[in-house]
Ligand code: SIN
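Taking the form predicted alone, here's one chain by itself in structure tokens.
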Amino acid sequence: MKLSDEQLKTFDESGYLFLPNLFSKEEAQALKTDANNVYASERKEVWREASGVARTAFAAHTYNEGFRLLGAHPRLVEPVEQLLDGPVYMHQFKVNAKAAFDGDVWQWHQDYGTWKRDDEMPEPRAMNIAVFIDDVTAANGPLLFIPGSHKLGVVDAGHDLETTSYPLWTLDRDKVKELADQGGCVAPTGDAGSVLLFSSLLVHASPSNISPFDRTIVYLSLCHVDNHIRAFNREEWIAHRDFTPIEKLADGCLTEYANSKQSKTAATA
């Protein structure tokens, strides 16, 4: 899957690109089932909110088949290879829960800010893919972006170790206000199966979810293979150390997987 010239221009100007309904509802539902199974497991990779509900599951592509397929899906990998001009490896993979009623805030930050400071990634030749596996609405904690903020380079940040269960390099309120006064603030929403591509320098956050509806998003952070991290300060399942280029699978791999799960469900009903 290749991006058009118009899509490339939008990404360059705004720092993100929204691709509605890139995956079918059936594919998204198969991944949602897998996410629930992962969250129910007692693994070190599953981090939880203070309430006990899952916050995020790291490296799920290494121990779940559906997420393994998603991590090598051509609809995701090809556009990033196009934007980064070359082969990519998986720097990070996480399934963020944002559970109904209990999903906590993700503070204002830039992902590359963390990757540079904690992992010594040389350049921001890396980016994120967000795959909605629930419908994302204005009510259930959507991502918030400051368009154009990716053009400012790495912004000063402090290391927040207290606000949530996950440590993060975050921007202070005055800086966020300054940036939003310049670029505005948007909250892309859409159906399960929709996808967001966004720059690793884009300033973003998400509010807590006090609605009665889950907001589960899978995040793939892909990095050009020449730009791999130099420091190994974090667990391997948080910041991966396999810099092998991703080998793309067939476009129908996730469809086949979803159909197989539906057939097994029907057979046991």
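As the structure is a computational prediction, the values presented were derived from the model and not from experiment. In case it trips you up, residue 1 is the first one in the sequence shown, and so on.
Missing here is the form predicted in complex with the ligand; even so, the following discussion is about that form.
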For the ligand in the predicted bound form, the stretch among 59 to 67, 237 to 245, 32 to 40, 203 to 211 with residues bearing a heavy atom within 4.5 Å is 203 to 211
None of 143, 146, 133, 127 but one has a heavy atom within 4.5 Å of the ligand in the predicted bound form; the exception is 143
#### Entry: residue 96: touches the ligand in the predicted bound form, heavy atom cutoff 4.5 angstroms
yes
>> residue 116 versus the ligand, in the predicted bound form: is there a non-hydrogen atom within 4.5 Å?
In response: no
Would residue 89 show up as a contact with the ligand in the predicted bound form if we use heavy atoms at 4.5 Å? no
**Prompt:** Is there a heavy atom of residue 219 no more than 4.5 Å from a heavy atom of the ligand in the predicted bound form?
**Reply:** yes
Within 97 to 124, the residues having any heavy atom within 4.5 Å of the ligand in the predicted bound form are 98, 106, 109, 111
